[in-house]
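Next up is one chain by itself, shown in structure tokens, the form predicted on its own.
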């Protein structure tokens, strides 16, 4: 009887990608460490404001993951993903403002001789929220703002639907490269300009404020809430990293990398390039929306300036500095630049007196960031994440002009495993 070749069993996902376990383990240690050192649950070494900064940084790391997936792995340089980030913030911010204002209005009307009617309560809430823009009625966009489940659904559905429609129109027309980047930037600019108008229904330039005051939890100190949001942000980042790692693994991950490297050839091989790109674009938009929904309650305010195209450009810079095409690189880049930006722009970095001129980092930080991006692009295209490649010896084989495969230009098995 002929011997039957047995296919070796496929190893579990975590065994094939140990970096996922390492990342989640480090994230858990970081979160526990901050909790122990915080004012809310620990010994008070880390201030509440810095805990909020760390929580917001984790949210920025999540949106950087989304950017790396769509750009670093699929090759779509989107300059509009911070718009989805802002939409998620607006969606949860609407409920936060409505519920908090409702408590204030009910308390103020409680002393009235007659119990207030639902219409009086609704008019009072609308007047409190929209009086700043000269309005006293709820716009249609606030129809379900009173419902937390529906607003949480909006955090996912609205960015996803916008990305789905935009992506379907763009990808079916086979818009690629710089033209697609310009289109995403135009979409972001149009949305920001619309939100700046007072009749947009979202309070125009004033935006939504007081988001750090959670309805029904007024008795809970901010030191405690900051740690709770830190854990929520860490959980979202950990799950997001695990999900993104799963997406880029296996055949699906190979296809989107191939689309990044040679889209025409992938289409020639019979793959539906548009479907793959549309899935990645929509999926990452949803991730960005979730990150925004966790970020702005910690920031306390959101306005249309947060959706400006420059924010999405910053996002691309973070990913490039951290290392495009490496999930951990995106996280490193976002955390590094975000914390460094806080240090430079928060007045903590000492000014440098040159005699004839004093360098104030608040004014020079963006220039330093731009120079860093140029330096990384020219001298370290793998970014900070490339350092980990050197440590783990993940360098590409040096061919020295030799033919290292069964066919001309083919890759050896070891190189193909990368």
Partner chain sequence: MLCFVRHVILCSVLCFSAAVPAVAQDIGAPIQTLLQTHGEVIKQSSRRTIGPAIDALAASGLDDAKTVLERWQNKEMWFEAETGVFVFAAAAEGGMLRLFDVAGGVEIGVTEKRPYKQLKPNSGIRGLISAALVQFQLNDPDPSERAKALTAIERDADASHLAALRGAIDGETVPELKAKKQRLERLLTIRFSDDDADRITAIQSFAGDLGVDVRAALNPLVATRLDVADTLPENAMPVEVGTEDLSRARAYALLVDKELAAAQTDPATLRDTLIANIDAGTVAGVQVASLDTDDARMAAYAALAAQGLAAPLVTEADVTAALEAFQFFEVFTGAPVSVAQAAQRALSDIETRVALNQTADLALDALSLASIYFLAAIGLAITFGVMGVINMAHGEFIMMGAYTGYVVQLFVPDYTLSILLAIPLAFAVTFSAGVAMERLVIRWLYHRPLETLLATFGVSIALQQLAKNIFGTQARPLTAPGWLDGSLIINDIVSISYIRIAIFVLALLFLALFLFVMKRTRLGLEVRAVTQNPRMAASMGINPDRINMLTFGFGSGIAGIAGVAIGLYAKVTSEMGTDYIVQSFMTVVVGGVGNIWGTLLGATLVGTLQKGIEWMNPSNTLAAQTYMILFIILFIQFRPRGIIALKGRAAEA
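Residue numbers count along the first chain shown, from 1. None of these values were measured; they are calculated from a predicted model.
Beyond what is shown, the protein has a form predicted in complex with its partner chain; the following relates to that form.
Residues within 4.5 angstroms of its partner chain in the predicted bound form, judged by any non-hydrogen atom, belong to 192 to 200 and to none of the other stretches in 81 to 89, 192 to 200, 136 to 144, 300 to 308. With the partner omitted here, the residue from 95, 344, 166, 328 that has a non-hydrogen atom within 4.5 angstroms of its partner chain in the predicted bound form is 166. Exactly one listed residue, out of 36, 371, 29, 354, brings a non-hydrogen atom to within 4.5 Å of its partner chain in the predicted bound form: 371.
Using a 4.5 angstroms limit between non-hydrogen atoms, residue 75 touches its partner chain in the predicted bound form.
Put simply, residue 43 is far from its partner chain in the predicted bound form: not one heavy atom of it is within 4.5 Å. Proximity of residue 71 to its partner chain in the predicted bound form: non-hydrogen atoms within 4.5 Å are present. The closest non-hydrogen atom of residue 116 lies within 4.5 Å of its partner chain in the predicted bound form. If you take 176 to 205 and check each residue for a heavy atom within 4.5 Å of its partner chain in the predicted bound form, you get 177, 178, 179, 181, 182, 183, 185, 186, 187, 189, 190, 193, 194, 196, 197, 199, in sequence order.
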